[in-house]
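Take a look at this one chain, the form predicted alone, written out in structure tokens.
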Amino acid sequence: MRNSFLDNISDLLLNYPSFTFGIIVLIILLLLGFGISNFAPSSDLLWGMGNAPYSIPPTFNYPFGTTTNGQSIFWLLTIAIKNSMILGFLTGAISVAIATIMGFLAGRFSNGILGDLLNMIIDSFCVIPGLPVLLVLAFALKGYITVVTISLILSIFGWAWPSKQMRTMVMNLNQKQFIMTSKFSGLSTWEMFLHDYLPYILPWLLIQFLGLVNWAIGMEVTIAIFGITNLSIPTIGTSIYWAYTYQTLLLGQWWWMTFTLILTIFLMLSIYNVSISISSYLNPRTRLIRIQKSVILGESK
């Protein structure tokens, strides 16, 4: 199993430049967020607590410059990356867990009352306008907003469409011979899920997770720009909000907004590239093409 995993990773690195780019950038950002940020001065843990000189451009001591409150933008952004990634990973994990349970049960019992009821719930959440409701909930809970709270709110809207796709996949698998064999062998629903369904849907779940991470980070930026989140916690969204609020570009303090946007683009682009590379790698058609190419190369040698 371990060798197979390493073989797949090496295959991705060799054949997919987009994956190589994405994984390298993602590792660097993870090191910044979960490693280097731990050494950040306590004055940079919250907005407006800086002890550094005000509004200075990038220097050796302050590689990304400082804010109008005298905080190092470098340290703020390392903390912002960490908080935004935690938010994205939590949202992705919770949404995928809900989607897996709801979609599997709706597909497994698609011909019964339970399946119809779950399908109705899934369809109901699919048609709810996510952004307006999200803005209302965030505004109502503004005084209690934390990274975890935002993740829970986003998870309410993040699971529905993946769950619908999961239901379709499970319904297609229900017609397979090995599923029928397991059913008549007396295996429980849970045992069938682990042994028969999960190996087929696990790669798809990974792709959905990465997509939801990106979506969650983007949605956090959206509600932060509206100013209806906890603006004292450094995230990518609150960094953009404060840079805009202080009119940094009009004042010629380009470094604050510029470095924040560059970091945001690299973060979302890295996750996206990893996701689409894995999706392409697992596609049966592309796998067949790779096998054919390897056979042709082997014969030519």
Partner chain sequence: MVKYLVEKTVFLILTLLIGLTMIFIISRSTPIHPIDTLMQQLSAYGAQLTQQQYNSIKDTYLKLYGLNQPVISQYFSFLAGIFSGDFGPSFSAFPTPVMSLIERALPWTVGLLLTALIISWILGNLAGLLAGFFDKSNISKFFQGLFVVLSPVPYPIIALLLILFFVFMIPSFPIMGGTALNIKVNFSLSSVLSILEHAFLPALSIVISSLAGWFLTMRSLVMSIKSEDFIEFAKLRGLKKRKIIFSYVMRNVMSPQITALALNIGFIFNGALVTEYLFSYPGLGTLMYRAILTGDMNTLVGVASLSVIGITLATFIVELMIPIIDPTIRQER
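Everything quoted here is computed from the prediction, not taken from an experiment. Residue numbers count along the first chain shown, from 1.
We do not show the form predicted together with the partner chain, though everything after this point is about it.
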Interface membership of Thr181, the partner chain in the predicted bound form, 4.5 Å heavy atom rule: no
Residue contact check: Leu249 to the partner chain in the predicted bound form, 4.5 Å heavy atom: yes
Partner proximity in the predicted bound form: Phe193 to the partner chain, non-hydrogen atom cutoff 4.5 Å: no
4.5 angstroms heavy atom contact with the partner chain in the predicted bound form for Ile233: no
In the predicted bound form, the residue from Pro129, Gly112, Pro199, Gly186 that sits within 4.5 Å of the partner chain by heavy atoms: Pro129
Listed residue that, although the partner chain is not shown, lies within 4.5 Å of it in the predicted bound form (heavy atoms), from Leu173, Met102, Val147, Leu137: Leu137
Proximity to the partner chain in the predicted bound form (heavy atom, within 4.5 Å), stretch among 173 to 181, 67 to 75, 92 to 100, 119 to 127: 119 to 127
Interface residues of 220 to 247 toward the partner chain, as seen in the predicted bound form [heavy atoms, 4.5 Å]: Val221, Thr222, Ile225, Phe226, Ile228, Ile240, Tyr244
